[in-house]
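The chain below stands alone and is given as structure tokens, in the form predicted on its own.
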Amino acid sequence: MSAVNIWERMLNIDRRWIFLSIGVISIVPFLTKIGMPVSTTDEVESIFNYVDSLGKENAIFIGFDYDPGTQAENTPMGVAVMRHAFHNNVSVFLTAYTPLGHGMAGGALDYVTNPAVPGYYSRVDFSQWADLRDAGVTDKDELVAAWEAAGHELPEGSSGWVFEGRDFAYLGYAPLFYLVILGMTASIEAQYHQDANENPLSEMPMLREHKSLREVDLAVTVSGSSACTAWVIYGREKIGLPVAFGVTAVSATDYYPYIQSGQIIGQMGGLRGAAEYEVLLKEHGITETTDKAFTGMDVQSADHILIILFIIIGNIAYFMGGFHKQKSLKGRG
């Protein structure tokens, strides 16, 4: 077989082989962690540092303002911030801009409290600690001590306890959510009489301490659309609520003016932004390992390297086979 025929066959390779190669390369990082380095950026570090400065007297909102179509990018962002808040005993309100986002918020909470996930948090439902609540035990440190004194031992592999109504409130979706944000600047309970599990907000200790958005320290809106800007318009501009964005990679550049103007404290852009936050969590000893976003970046990086390799081989075949000269001669003819 002549050299020209080899180059010609390479240029005319069945595209199914290329698809198969990308498929195989995409599977490898899930079977064995490659761990390609992910450097962190200022816009992600600023969110991390802000959350890291908060403690048990503080509260944040995490808005799951996206649909399943962008779940792969957005969910790891919400999960990472939720883990960080739980580690610092910061109370977390979970909301959603759309009906489908309601399920995204619930799924993220279930993931963080799933015993099958490394570094999970042991969840205590609202009804389970009613006796302690009735006895006036609501401080987190006192609550954990009383709960364990009652015979509850923290499971092996768990990062700690999270109490529904003390550490988190799963509020979910309410119609016309931009008006809900506006209403919560006066009263959260006025917009949500019950949480998604039909627990009364009036009995939740975290609601007694944080009655409105004016008493909340940060809103992190994780969005697959322009829904995130509602938090700026009705939260940041109205009452000065600090806001951070988590957006898809394709829309990340659209929101840089909000960073430059100081309207938001930072931004996670796409899967890369979520992976950066996971790296920061690991570097600061908050989690032992990175999670799905970091693994996803391994997949992306491996695919990109393979595509670049195909491009290089294609160009070598094109020039070594003399096809560029043949094309030039045909053009003259």
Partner chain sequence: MYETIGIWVGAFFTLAIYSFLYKENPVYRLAEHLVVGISLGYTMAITYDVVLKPRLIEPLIGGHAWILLIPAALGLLYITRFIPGIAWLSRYPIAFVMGTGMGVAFPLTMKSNVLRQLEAAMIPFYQSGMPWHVVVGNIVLVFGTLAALIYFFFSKPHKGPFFGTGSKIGIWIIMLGFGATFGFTVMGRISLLIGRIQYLLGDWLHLIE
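Numbering follows the first chain given and starts at 1. In this text, all values refer to a predicted model and were calculated from it rather than measured experimentally.
A second form of this protein, the form predicted together with its partner chain, is not displayed here; the remarks below concern that form.
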Fill in: Interface membership of E45, its partner chain in the predicted bound form, 4.5 Å heavy atom rule
no
Worksheet item: Quick one: does E198 come within 4.5 Å of its partner chain in the predicted bound form, counting heavy atoms only?
Response: yes
Worksheet item: Do G103 and its partner chain share at least one heavy atom pair within 4.5 Å in the predicted bound form?
Response: yes
Worksheet item: If you check in the predicted bound form, is N58 within 4.5 Å of its partner chain, heavy atoms only?
Response: no
Item to complete: Tell me, please, which stretch of 200 to 208, 151 to 159, 70 to 78, 131 to 139 lies within 4.5 angstroms of its partner chain in the predicted bound form when heavy atoms are compared?
Response: 70 to 78
Fill in: Contact test, all of I34, W147 and Y277, partner its partner chain in the predicted bound form, heavy atom 4.5 Å
no
Item to complete: Could you spot which one of A227, V232, L143, V90 gets a heavy atom to within 4.5 Å of its partner chain in the predicted bound form?
Response: V232
Worksheet entry | Contacts with its partner chain in the predicted bound form - residues in 181 to 212 whose heavy atoms fall within 4.5 Å | L182, Q191, Y192, Q194, E198
Item to complete: Check R15 against A249 at the C-alpha atoms and report closer or farther in the predicted bound form, compared with the shown form; the change is 3 Å or more.
Response: closer
Worksheet item: Shorter or longer C-alpha distance for T32 and G157 in the predicted bound form, given it differs from this form by 3 Å or more?
Response: farther
